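Below you'll find only one chain, the form predicted on its own, shown as structure tokens.
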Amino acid sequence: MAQLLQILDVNKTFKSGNSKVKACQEINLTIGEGEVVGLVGESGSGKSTLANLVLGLEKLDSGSIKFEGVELEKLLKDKSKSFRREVQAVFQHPLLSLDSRKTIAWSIAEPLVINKIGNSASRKARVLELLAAVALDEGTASKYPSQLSGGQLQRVNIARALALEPKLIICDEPVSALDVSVQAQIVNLFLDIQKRLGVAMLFISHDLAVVRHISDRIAVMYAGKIMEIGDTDDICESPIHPYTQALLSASTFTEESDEGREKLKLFRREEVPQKGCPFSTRCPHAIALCREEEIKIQSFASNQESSCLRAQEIFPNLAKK
């Protein structure tokens, strides 16, 4: 599988008053052509910052992001807008992503107009085609955002993202603002689109259960660092890192058992240690060394990568690559 997106040793720090927040630390992640990679972690873990870096909405402190082998910085300077055509985004709040004063047809056709694709008649036909692709009827075209439900609005945003036939879609918490019943419909829509069109996706969510349903591979992020990466089934059925285990437990807790919720109390940046494993203050397996030694991600024979220092102690049968 050819690499479409390469994120290499990416770092991004923000100033917050007198302190600094390391939003992304030495992030390495790739997405192949037609591949769906899930990025999961709690709010504040740096997922949206990474999305904004890939989209060119934030500037890297260091590291490199390449799309089809070309540096992002170079692509963003290209006045032909080819990168903007080939990489699209669907964001968390569907209503805020649309102009409330414009019709749905206008919003979907806007990327075509900006890129000078087609004429009025062909754009109108394309809008109807895109509405059908996201299971909305033709009458939706003449409506305004205020006349649609949250799920319908997100379908409109997906249609607009598809208008330019992108190679990659960045989906930043695209279902978290929707009702649970609607979330499943939108995730299934993404899944159907990916199968039909072969478009690659970076699918970001705090909900591992959602990411599991759609992703080929999953990367788990915490406090600006990648904790674990692997094939979806391996990550969800045989997680190595204690944080991934806690996320899984939290996503499957029941009303009768609060065990998972107890393991994942509210994430607080101020509680993240300045050195060692960022999860060490919350990890049931942490020892003094975890709080002192800089942890590097390791590759294992299971085709998983994990940054847990004690992985082979916790799982004696786990072999390094």
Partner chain sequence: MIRLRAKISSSRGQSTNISHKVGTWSFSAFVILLLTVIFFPGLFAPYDPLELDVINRLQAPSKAHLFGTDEGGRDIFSRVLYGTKDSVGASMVIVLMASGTGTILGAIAGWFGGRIDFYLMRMVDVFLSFPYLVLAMALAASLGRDMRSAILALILVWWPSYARMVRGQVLSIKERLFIRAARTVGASNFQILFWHIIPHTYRTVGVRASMDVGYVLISLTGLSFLGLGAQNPSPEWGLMISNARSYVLASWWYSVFPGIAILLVVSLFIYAADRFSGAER
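Residue numbers count along the first chain shown, from 1. As the structure is a computational prediction, the values presented were derived from the model and not from experiment.
Here the subject shifts to the form predicted together with the partner chain, a form of this protein not shown in this document.
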{"property": "Residue contact check: W106 to the partner chain in the model of the complex, 4.5 Å heavy atom", "result": "yes"}
{"property": "Partner proximity in the model of the complex: E73 to the partner chain, non-hydrogen atom cutoff 4.5 Å", "result": "no"}
{"property": "Close approach of S100 to the partner chain in the model of the complex, 4.5 Å, heavy atom", "result": "yes"}
{"property": "4.5 Å heavy atom contact, N52 to the partner chain in the model of the complex", "result": "yes"}
{"property": "Contacts with the partner chain in the model of the complex, stretch 84 to 119 (heavy atom within 4.5 Å)", "result": "R84, V87, Q88, A89, F91, H93, L96, S97, L98, D99, S100, R101, K102, W106, E110, P111, V113, I114, N115"}
